[in-house]
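Encoded as structure tokens, the following chain is the form predicted alone, with no partner shown.
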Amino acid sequence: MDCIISIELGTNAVRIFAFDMQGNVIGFAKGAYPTFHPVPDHSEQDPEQIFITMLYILKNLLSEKIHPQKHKVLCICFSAAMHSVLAIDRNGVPLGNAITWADNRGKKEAQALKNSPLGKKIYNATGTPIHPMSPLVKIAWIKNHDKERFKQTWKFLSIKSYIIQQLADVYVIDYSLASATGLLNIHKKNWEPDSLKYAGISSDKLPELVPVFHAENKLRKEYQTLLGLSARTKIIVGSSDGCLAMLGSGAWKKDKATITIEDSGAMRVIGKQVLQDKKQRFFNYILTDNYYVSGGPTNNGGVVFEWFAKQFGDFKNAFDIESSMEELIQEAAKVATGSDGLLFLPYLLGERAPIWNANARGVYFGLNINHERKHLIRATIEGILFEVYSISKTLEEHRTINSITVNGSFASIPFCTQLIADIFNKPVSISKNTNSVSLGAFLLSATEMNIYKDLDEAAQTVVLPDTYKPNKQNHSVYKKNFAIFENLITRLSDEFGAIANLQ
């Protein structure tokens, strides 16, 4: 039996799925790797650790589930978290760790650029908001503050480009992932001269641009042998996790949106035009030549609830974070809507959309003597979802949204899904495959192999069987709480900057 493998290089874990040719999951494996925060505002990962983890998990999945069943792997399709930057030397050796999307070290560069005419021009050309998350800003920071590394750098890569280079000995990046760098002109589909000049680099410092369907590269012979794969196995470069999550979400119509919450989160819509926002609050990323994925990302998704569980959860078994989180959610479900007047601003990692404030900090507001741990749990979850709701409000200034699909391990928890329906006051559906990134990778691969004539046809196959209806009474409570949530963000803006300066 033929099969397709998808490899998702997520923020804190690699997720590998195997699909049969009808899109059914026939195998899954996951492996985690850490993010390092050596000083405030720095978020880094070891690229070698990511590669070794990915290789180990892939080999085990193939050895334990795919090869014993005589499945033939036709292709491997990649996706990855956006905005990573890895400097390598001429021999392909990393010059330090990769810098992740959550890194805020370039906030001074970002603020200065955003407030300039050049910043507006770059945003309009690239579709990427000016923020420390942007590889454009990260490279500029290295140029200004790590001159020796900048001087030694032969190329600046994304994590996905590095992994593919290790496997196939090529330096490539797809237009979709490149469109999240702040370096690609999304209208002309080439490296943007103004961005290159600002970063202090030429285009040869970046990988070769290729379409998301690019499948001309092959595994190195040593990995064909190690993994037991044929030389004919295609390596499809794929896309970003966000764009593939959109493809696999079932939200392909103009009045639909999708919410993804894993470690970080985002709300997205898809269309054939770029959404122009004078306040620079959205991203506009390329999926293919015909479609743009627009929306806003949040730094503070499931990673915030995981932080809460580590600090305040109960661990019956050492390191069993998932069981601890499940028990906390059960406890939160016993608390009234709105957490009895307790609010949480979830900005533990600064924030991107819609406030784009790298100095934003976490706040519990409204604590009184009657609040218990269970109130803090529910307020934490509601705060994460309020932040996504604030993204929705900015999107709805440009698009009508009548329904939502959710995906990702956090968003698709039934308790959280119902909260989304109540907060947003819209029907919410969950795909049969809650990991829409992997499903999107399958659909893209199947389209490249002519199983579907195009992505339109592929997207129509996504089934959305479960729908959650909003509770009007709960929404009324959330509407009042959210108004306070929004006011707090505005009122605390100066204090966010002041306390950040103390660090």
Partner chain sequence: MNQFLLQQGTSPELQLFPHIIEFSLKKNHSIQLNSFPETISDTLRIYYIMDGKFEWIIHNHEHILYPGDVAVVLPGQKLGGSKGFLDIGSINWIHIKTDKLDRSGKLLPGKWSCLSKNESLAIGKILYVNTHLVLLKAREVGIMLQELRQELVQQQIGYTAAVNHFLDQLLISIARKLSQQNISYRDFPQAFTKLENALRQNLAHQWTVEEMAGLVGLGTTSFTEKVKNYTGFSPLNYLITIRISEAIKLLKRQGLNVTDIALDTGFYSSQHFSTTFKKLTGYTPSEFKKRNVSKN
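Numbering follows the first chain given and starts at 1. This structure is a prediction, so every number in the text was calculated from the model and none was measured. We call the rigid core whatever largest set of C-alpha positions still superposes within 1.5 Å between the two forms.
Keep in mind the form predicted together with its partner chain is missing from the figure; the text below concerns it.
Among L113, L229, L376, A309, which has at least one heavy atom within 4.5 Å of its partner chain in the predicted complex?
Of L113, L229, L376, A309, the residue with a heavy atom within 4.5 Å of its partner chain in the predicted complex is A309.
Exactly one residue in I451, V462, L55, L61 has a non-hydrogen atom within 4.5 Å of its partner chain in the predicted complex; which is it?
Exactly one listed residue reaches within 4.5 Å, namely L55.
Among 278 to 286, 412 to 420, 117 to 125, 85 to 93, which stretch sits within 4.5 Å of its partner chain in the predicted complex, heavy atoms only?
This holds for exactly one stretch, 85 to 93.
Verify the flagged residues P193, W356 and A498 against its partner chain in the predicted complex: is each one within 4.5 Å by a non-hydrogen atom?
Checked in the predicted complex: no contact with its partner chain for any of the three.
Taking heavy atoms only, is F156 within 4.5 angstroms of its partner chain in the predicted complex?
Residue-level check for F156: no, no contact with its partner chain.
Give a yes/no on whether Y162 approaches its partner chain to within 4.5 Å in the predicted complex, heavy atoms considered.
Yes, Y162 lies within 4.5 Å of its partner chain in the predicted complex.
Tell me, yes or no, whether D320 is in contact with its partner chain in the predicted complex, where a contact means a heavy atom of each within 4.5 Å.
Yes.
With a cut-off of 4.5 Å between heavy atoms, is P34 one of the residues that contacts its partner chain in the predicted complex?
Residue-level check for P34: yes, a contact with its partner chain.
For the stretch 217 to 235, return the residues whose heavy atoms include at least one within 4.5 Å of its partner chain in the predicted complex, in the order they occur.
Contacting residues: R220, E222, Y223, L226.
Taking 2 Å as the cut-off, check whether the CA of V303 shifts that much or more between this form and the one not shown after a rigid core fit.
Yes, shifts by 2 Å or more.
Core-aligned, does W154 move its Cα 2 Å or more between this form and the one not shown?
For W154, whose C-alpha is compared between this form and the one not shown after core superposition, the shift is less than 2 Å.
With both forms fitted on the core, check whether the Cα of H187 differs by 2 Å or more between this form and the one not shown.
No, shifts by less than 2 Å.
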